[in-house]
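A single chain, nothing else alongside it, follows as C-alpha cells in the form predicted on its own.
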Amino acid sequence: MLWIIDTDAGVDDAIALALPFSPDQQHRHHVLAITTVSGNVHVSKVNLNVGAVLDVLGADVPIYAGCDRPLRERPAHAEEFHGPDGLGGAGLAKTERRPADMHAALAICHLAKAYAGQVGLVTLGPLTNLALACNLDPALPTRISRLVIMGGAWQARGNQTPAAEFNIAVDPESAHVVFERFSNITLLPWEVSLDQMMPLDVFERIRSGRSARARFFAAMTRIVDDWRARFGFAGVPLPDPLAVVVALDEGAIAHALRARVHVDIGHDVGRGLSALDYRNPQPNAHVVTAVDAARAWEMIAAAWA
C-alpha cells in the first residue's frame, strides 16, 4: 500500500510516523510523502520535526510544507501540550532536511493522480491541506483509495472545547469540506485514545530501550510526565499512533460504527462538533470506537525498538 501522511508533528504524531517504517511493516507499506500543516505548532516547526524524525528512522521520504493557518480561524497551537518545539521541548528538531518546493496540497493532488486508486492518506492534524486539495482537484476523493482521519469527538468529549477535538476545532471549515466530499472515511476519534490508553509499563519499556530510536522516543516523551500530573491520566493517550495503526492494519479495528459525520461550522457552543447521523442513507465514515489494544501496543513498540 502507498501512503501519504499529513501531520502537524507534535509528540504523538512523531510516535505515529515511525509505524510504517517498522521492520514488520516496510514490506507491506511505502510512504510516498509526508505533508505538513500548522496545528500543534506552526508549520515551520512541523517541517523540522518531521525531518528530525525521518533522520532517526533513516527514512528517505520527501516532505511537502503546507498551510500555515486555517481557512478562516485565527491560528491556534498546542505548545502547552507538545512543548515549544512540538517535540516535548527536548531540543530534537535538528535536521538538514528541507521541504520540497511544491505546496503540500498540490503534492497530494499530484501523487493521488499519479497513483490513482493505489494511494491512501492518513491525516494527523487539522484538515486544511486536504480541504484545499479537494478544491484544487474535485476528483481527488475518487483517486484516494483510503482516507484515515485522526479527529473528532464522537461522544462530544472534546479536548479543545467541551464539544470538539483539536484537529477539527481549530479549522472546522476545512473539516466540513472533507467530510462532505469523501464518502468512505475511517475516523479515529479522540475518545478512543482516552478509553484505551497505553499502559504505563508498556510505555516505560519503550522509553528504556537503548537504540537510537528508543533514545529519541524517551527524550521527546519526557513531557508525558507533565500530562499525567496535569490531567491525572492512568496511562498514555496516543490518538495519532492509533490512527496509523488502523490505517496499516484494519484488523486492529475492534469495533466501528457506520454513520454520516457532519461538522458544525456555526459560531455557538457546538462549533467544531463532529455529529454522527446514524439514520442518514448515505454514511460517509466508519467511526472507530475501539481498537485491539494489545495489537496496537505491539506495533508501536516494534516501531521504536
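Everything numeric in this text was worked out from a predicted model, so none of it was measured. In case it trips you up, residue 1 is the first one in the sequence shown, and so on.
What comes next is about the form predicted together with a small molecule, which does not appear here.
With the small molecule omitted here, the record of contacts in the predicted complex names 157 to 165 of 157 to 165, 131 to 139, 211 to 219, 175 to 183, defined by a heavy atom within 4.5 Å.
Taken together, the three residues 12, 82 and 150 all lie with some non-hydrogen atom within 4.5 angstroms of the small molecule in the predicted complex.
Put simply, of 107, 192, 124, 187 only one has a heavy atom within 4.5 Å of the small molecule in the predicted complex, and it is 124. Proximity of residue 51 to the small molecule in the predicted complex falls outside the 4.5 Å heavy atom cutoff. At least one heavy atom of residue 239 is located within 4.5 Å of the small molecule in the predicted complex. Among heavy atoms of residue 40, some come within 4.5 Å of the small molecule in the predicted complex.
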